Each structure stands twice: as C-alpha cells, then as structure tokens.
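Here you get one chain, nothing else, as structure tokens; it is the form predicted on its own.
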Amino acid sequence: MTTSTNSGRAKPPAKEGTTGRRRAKGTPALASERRDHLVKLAAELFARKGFQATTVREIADEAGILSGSLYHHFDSKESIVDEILSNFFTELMAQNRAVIDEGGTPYEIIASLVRIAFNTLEPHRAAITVMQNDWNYLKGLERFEYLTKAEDEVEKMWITAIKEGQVTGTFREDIDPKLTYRMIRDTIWVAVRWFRPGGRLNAKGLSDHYLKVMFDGIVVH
C-alpha cells in the first residue's frame, strides 16, 4: 500500500480573494449592505431627476453594475421606490402617533407635528421629493395604496387637533381646519427644494422660525 506524500500536512490557508473571500461575498449581511447601497444611490437619482425620469440602467450605471445584476436585489424600479417611501412613512407615522398618544394641548400637538415634519427633510429628502413630483403617478398603482391611507391618517390627526384648538379658544374659529392643514403641509414639504443641511438654519432652527411665523404672524401686535 502506498502512502500519499501529502499525508499529515496542514492545508495552506486560502489566499485572499479566493474561496474564503468569495464565500464571504455571499453572506446575508453583505447582500443586505449592497441592497442598502443600491437604495441610497437610487434615492439620490430619484431626488435629482425624478422617479419617472430615472431608468434602471441609470441606477445600475451609478452603482457600477450591469442592469441585470440590479434584478438580483429588486424586481423593478417600483420596488426600489417602494422601499424608500415605506421607510419614510413607517418612521413618520410612528412619530406622529406617539405625539397623539402622549397628548397635550392643541398648540403643543400642532407644534410637535410641525417639528417632526421638518426633521424629515434631511434624512428623507429623496422620499419627500418623490412625493412632491410623482404623487399622482404613484397613487394610481395598487402597491402604493398605503400612501393615500397614511396621508388620510395624518390629515385626520391635524384636523382633530385644529378643531380642538378652536373649541378651547386657542385657534381662530374662522379658519377652515382642512384647508389650514393642507396649506401648512404643502409649505413644509416644499421646503425640501431649497433646504440645505449645513446651511444657516438646521431643521430645528427652521421649524422654530416656521412656528413663530405660523402662530404669531409677521404683523406687530
């Protein structure tokens, strides 16, 4: 019987970039990192060009991969924007509900809702920009029905707080609660077009100034 000349010898360690490293690339953690990276790149493109104007090819080019490789992570461009928007609304709704559950005066509730909205401008700039530019298109797709439901819930929170403020004498009786909410909402969200993090005002400074104008006006009393 012959004996192998390699018997008893330790196997040499795998070279960097060979079997061991290739296996690491397939780990769930790294796959999740790549997915998150693709979402961030797509979000920037959506914010800059608009969702409908951005192609899958452009997202893949930005990531330095082939278009086909993108489909290993997402089945469509809509799936990517769905993740962007759902993350935004999950966070927004959780914070809004917490304010309502905590309670307080109508003044305090409205002020807190305003601050929450302004605090989303930086971390969720892409989602808000997509909502600004592509709302009419997205709300017509079945998978985005949750957008309308979430918007309706937020509107109800605001209108309830405004009406309670009218009953207690905090807010004027001659304003329409629904119209008031929509005017406030639109002026906050449109700020995403010109608000720049690192500028003269941060989100807190911006919300402080907005609340001052909203509650006190610009006329000297």
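Computed from a predicted model, the values in this text were never measured in an experiment. One rule holds for the numbers: they count along the sequence shown, beginning at 1.
Not pictured, yet referred to below: the form predicted together with the DNA.
Contact annotation: the DNA lies within 4.5 Å of heavy atoms from the stretch 69-77 in the predicted bound form, the single such stretch among 145-153, 87-95, 113-121, 69-77. This chain is drawn without the DNA; in the predicted bound form, the residue among 56, 159, 190, 183 with a heavy atom within 4.5 Å of it is 56. The contact residue chosen from 163, 40, 34, 178 relative to the DNA in the predicted bound form is 34, the criterion being a non-hydrogen atom within 4.5 angstroms.
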